[in-house]
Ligand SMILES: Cc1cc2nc3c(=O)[nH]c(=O)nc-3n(C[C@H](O)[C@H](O)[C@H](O)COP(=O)(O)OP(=O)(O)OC[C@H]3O[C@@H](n4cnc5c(N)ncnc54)[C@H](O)[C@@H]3O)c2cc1C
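The form predicted alone is given below as one chain in structure tokens.
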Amino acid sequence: MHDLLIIGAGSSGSAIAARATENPNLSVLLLEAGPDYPMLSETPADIINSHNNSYTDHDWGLKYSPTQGRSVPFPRGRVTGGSSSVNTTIALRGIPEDYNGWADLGNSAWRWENVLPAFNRLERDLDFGHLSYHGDAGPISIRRYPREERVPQQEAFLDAAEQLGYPLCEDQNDPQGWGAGPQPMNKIGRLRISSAGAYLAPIRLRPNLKIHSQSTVTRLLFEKKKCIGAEVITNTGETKRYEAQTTVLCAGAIMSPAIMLRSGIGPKEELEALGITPVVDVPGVGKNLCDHPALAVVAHVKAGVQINRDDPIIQTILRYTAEGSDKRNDLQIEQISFAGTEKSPPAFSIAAVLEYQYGRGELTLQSADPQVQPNIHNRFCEDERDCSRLVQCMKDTLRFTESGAIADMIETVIFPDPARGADDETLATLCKRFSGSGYHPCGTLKMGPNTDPFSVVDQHGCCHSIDQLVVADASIMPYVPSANTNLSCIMIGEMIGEWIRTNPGRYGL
């Protein structure tokens, strides 16, 4: 019996393990479905290499339906560090309005002034650590590519942004900042600074921590309406039970709700239809799925323009507000250094990304079998407010292909097909058919007061309907922040980990 059982050693779970084990009186067991690499020398190249994502070797093999009639791969990290071990290493925080908006929904602990210390605590900003809204001694090293390290197409993107009238923003994590500039990234050279390396590596010798990898949680265990632990299946097929005083679910916005549904926590009719005995009827489990819908302009480059697939995939970004929108910085445009396959003509892309989504999707189970992946339906751009803003972002992105040094590199735009035009109706059709995920799913176990029938946990992560069960990952976000979500997930781990360490009684410890 452990005091704390943490399910998922990803961005949030690793941070919680680090903070909770600072209390020597708490014994912690951290479970991870994927492999663990305690030594950097034994870590595979796809985990180390921050120049590109790892797409297959440490992946869950999920598929999702971004729009009607499509099913495409949905990469998520299955390894210690979770998706922070396989992602693009973009270290954006979002803006104060994101977290104040969460607070306005009944989660006052998440106001900007409350989460800022956690953001500062997690980072070691090598460029702006001296500023009051940054940290200089945290576990996550963050830096930005200076001009001399940027590849030509990334530097050309900033040149085009200047010609188009966007301001230069050297620090994209300035709470009031906007414009074009270098991406803040949690990488040093080629080395990805994942949560596993930043949080788990320094604490592995703590006597009150155990890490069990290759352990997939099949279901939670209960005594009436109290969670007492979890059942897992190992990579050898062995079934084990682990009991704990308190269980913290940190398996992410896809796997956390799937575990709860398999365990009998969710919409009663959905569970019964799958032969799952309901423990408690919670209609919000798996609902409220939100993300960042995106679509990219793809261009073949002129002869002589070098496209190197070993270059950093991304180095720069533009953040700005859609015309007429009351959601600040709700659009992003990002230069992607290469596109297509190694056998296709040299190309790059420029991604148009919607940073605030009005529409919502859902996650449901196909089967009670934990080996069968869930259904993931995002329903991107079905809400006209989302579609119209992504159309605007696509039009703005196309202007980049006609401006400055970027235009000088392009032979022809191949998507969208120039022959079909770029009017609003044509682009709207493309957005509704082809927009895809920014790979930032969240909201599927949203936090909120128990007066909200679709909230699953309170503002401290405690499940409304099950005692001794806590959720702490992207699934509790009421809606997606206007930024890539990895830093926000680590911040959630920092916040809830500190609450567990300093106020264990709140969590029944």
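These figures come from a predicted structure and were not determined experimentally. When you see a residue number, it is the position in the sequence shown, counting from 1.
The protein also exists as the form predicted in complex with this ligand; that form is not presented, and the subsequent description refers to it.
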Open item on the list: Taking this ligand as it sits in the predicted bound form, is P257 near enough to touch it, meaning that at least one heavy atom pair lies within 4.5 angstroms?
Closed with: no
Task: 4.5 Å heavy atom contact, H440 to this ligand in the predicted bound form - done: yes
Open item on the list: Is V217 part of the interface with this ligand in the predicted bound form - any heavy atom within 4.5 Å?
Closed with: yes
Open item on the list: At 4.5 Å between heavy atoms, is I7 in contact with this ligand in the predicted bound form?
Closed with: yes
Task: in the predicted bound form, the residue from V457, A33, L29, L469 that sits within 4.5 Å of this ligand by heavy atoms - done: A33
TODO: Using heavy atoms only and a 4.5 Å cut-off, determine which of A156, A294, V86, A198 is in contact with this ligand in the predicted bound form.
DONE: V86
- [ ] May I ask whether V282, K287 and L445 each come within 4.5 Å of this ligand in the predicted bound form, counting any non-hydrogen atom?
- [x] no
- [ ] Name the stretch: of 63-71, 479-487, 41-49, 457-465, exactly one has residues whose heavy atoms fall within 4.5 Å of this ligand in the predicted bound form.
- [x] 479-487
Open item on the list: Need the contact residues for 53-88: heavy atom within 4.5 Å of this ligand in the predicted bound form, sequence order, or none if there are none.
Closed with: N53, Y55, W60, P75, R76, G77, R78, V79, G81, G82, S83, S84, V86, N87, T88
